[in-house]
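Just one chain is shown here, as structure tokens, and it is the form predicted alone.
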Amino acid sequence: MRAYLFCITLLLGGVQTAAQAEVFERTLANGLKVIVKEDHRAPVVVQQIWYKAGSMDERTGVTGIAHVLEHLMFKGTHTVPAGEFSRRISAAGGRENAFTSYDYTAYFQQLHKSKLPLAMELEADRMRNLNLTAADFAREIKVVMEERRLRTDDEAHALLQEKMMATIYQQHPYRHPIIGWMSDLESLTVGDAKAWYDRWYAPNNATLVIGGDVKASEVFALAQRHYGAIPRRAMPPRRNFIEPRQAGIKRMVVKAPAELPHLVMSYHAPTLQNPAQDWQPYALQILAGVLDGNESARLNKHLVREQQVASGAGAGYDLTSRGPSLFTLEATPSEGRTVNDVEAALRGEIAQLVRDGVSEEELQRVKAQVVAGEVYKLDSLFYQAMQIGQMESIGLTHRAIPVILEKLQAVTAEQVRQAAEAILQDDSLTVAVLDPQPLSGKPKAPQGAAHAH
């Protein structure tokens, strides 16, 4: 036990020092927040621009527009022709892409530090000068529709997830898929894309994160040169959606071509609002690690290896997001077992944990895992910048990063037990079952995230 605690103390010290070191921040007169993380281990730099505009900001009827515009951002400006952005970054030895989430849309480039001015020039240009044409829109909306068909409509687990989110959330816009409903995609116009771009793509709705072998003072000067002249825009007021309290268990079945049945149990759960004061989100994060996270975690040990009721089982929880969160358990029944069997087994695990709690050794093992994971992530310049951008975009700040690590270490076994008892309640539970239908023989879609162009 002492060895665990000593190891954690050492690791945590290293993580906090790295998380706090060499982060500089400045806000330009037009409202663009610029954050620089100096890291001089290699002569590379990453530029990320984060817009606080994701699918949760869409109105009913235009779902998917945030992701469609992400695609269109690569279609050129008045001075940089379509395809030229990617070609110039590639010619400079760099790589680039983008992603859309419920909470934000982000664009990034990773390249040699000498090429940062080029990346800034190109990114600043499309923040203001995007050339949106009806022809480009018509081509790209077809690409997005095909992406939806391949990655959701023809992918049983993705379809289950989509339909489950629409059942879990009654009012919150997380009920809509990031890629959009097909009927909305079919009716979107280039005018919808222009309206979205004009509404949200402004310096005062963005965070610029630069990480790498740079000096903060030089980055701020570069940012001022390339982004400083872009005028701020009046931001429309954001609606803060409060999901009504669920009033009883919800159950749903999705029939789709698949090899095996699957069960998902999702409970409404809180997210981090005050990093210094909250305790429940931290306890839930540790709870997820107790149940799932390595070979000796409870679900794998009990359900898969000992009881052999499931061929696979897991748990998940995100403590940070702009909207509400979920604590999720899932399992695939073993051959000869049913979804009812795995639901009973998952419920048994919860009941046992609430009754008997978590051992100190188990708790320390999970904490060591959490901290070790953060240490490994610090090896990645890209991830360091990602962490900063995410925190800033959801309404927390990058200063919360070391606080979160510290608070995770302070979680007690009793807090984990109490969080399980309070949150894993039937009245806030949605149970979704995949009922496998015969496979058509169609080739499966390639796995991976749906990124742009």
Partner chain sequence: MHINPNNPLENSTPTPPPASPLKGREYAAASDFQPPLQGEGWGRDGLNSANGQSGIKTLHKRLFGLLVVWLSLSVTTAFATPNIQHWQSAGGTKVLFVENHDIPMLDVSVSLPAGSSFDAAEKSGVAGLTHHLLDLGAEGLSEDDIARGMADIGAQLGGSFDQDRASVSLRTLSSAAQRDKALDIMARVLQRPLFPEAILVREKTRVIAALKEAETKPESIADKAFHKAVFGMHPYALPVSGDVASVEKITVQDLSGFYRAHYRAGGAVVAIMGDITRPQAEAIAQQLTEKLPSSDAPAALPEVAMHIPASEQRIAHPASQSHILVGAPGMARNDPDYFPLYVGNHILGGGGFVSRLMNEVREKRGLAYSVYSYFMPLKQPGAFQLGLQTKKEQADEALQLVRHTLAEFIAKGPTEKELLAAKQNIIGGFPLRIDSNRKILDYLSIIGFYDLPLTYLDDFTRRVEQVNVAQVRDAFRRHIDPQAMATVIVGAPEEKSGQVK
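Please read these numbers as outputs of a predicted model, since none were measured by experiment. Positions refer to the first chain, counted from 1.
Quick note: we don't show the form predicted together with the partner chain, though the next part is all about it.
Open item on the list: Please determine whether N204 contacts the partner chain in the predicted complex, using a 4.5 Å cut-off between heavy atoms.
Closed with: Judged by the heavy-atom cut-off of 4.5 Å, N204 is well away from the partner chain in the predicted complex.
Task: 4.5 Å heavy atom contact, F137 to the partner chain in the predicted complex - done: Taking the distances in the predicted complex, the answer for F137 is no, it never comes within 4.5 Å of the partner chain.
Task: G94 within 4.5 Å of the partner chain in the predicted complex, heavy atoms - done: Taking the distances in the predicted complex, the answer for G94 is yes, it comes within 4.5 Å of the partner chain.
TODO: Would you please decide whether K163 lies within 4.5 angstroms of the partner chain in the predicted complex, comparing each non-hydrogen atom pair?
DONE: Close contact is absent here: in the predicted complex, K163 is far from the partner chain, nothing within 4.5 Å, heavy atoms only.
- [ ] Using a 4.5 Å heavy atom cut-off, indicate which stretch of 216 to 224, 327 to 335, 190 to 198, 232 to 240 touches the partner chain in the predicted complex.
- [x] Looking at the partner contacts, the answer comes out as 327 to 335.
- [ ] Look at the candidate spot formed by S296, Q308 and Q390 and say whether the partner chain comes within 4.5 Å of a heavy atom in all three of them in the predicted complex.
- [x] Verified in the predicted complex; spot residues all in contact, yes.
Task: Answer option from A345, V254, L185, V304, heavy atom within 4.5 Å of the partner chain in the predicted complex - done: Answer to the contact question: V304.
Task: Of I350, V339, A258, M127, the one that lies within 4.5 Å of the partner chain in the predicted complex (heavy atoms) - done: Here the answer is residue option A258.
- [ ] Note that the partner chain is not shown here; using its position in the predicted complex, name the residues of 96 to 111 with a heavy atom within 4.5 Å of it, in sequence order.
- [x] Heavy-atom contacts to the partner chain in the predicted complex: E96, N97, A98, F99, T100, S101, Y102, Y104, Q110, L111.
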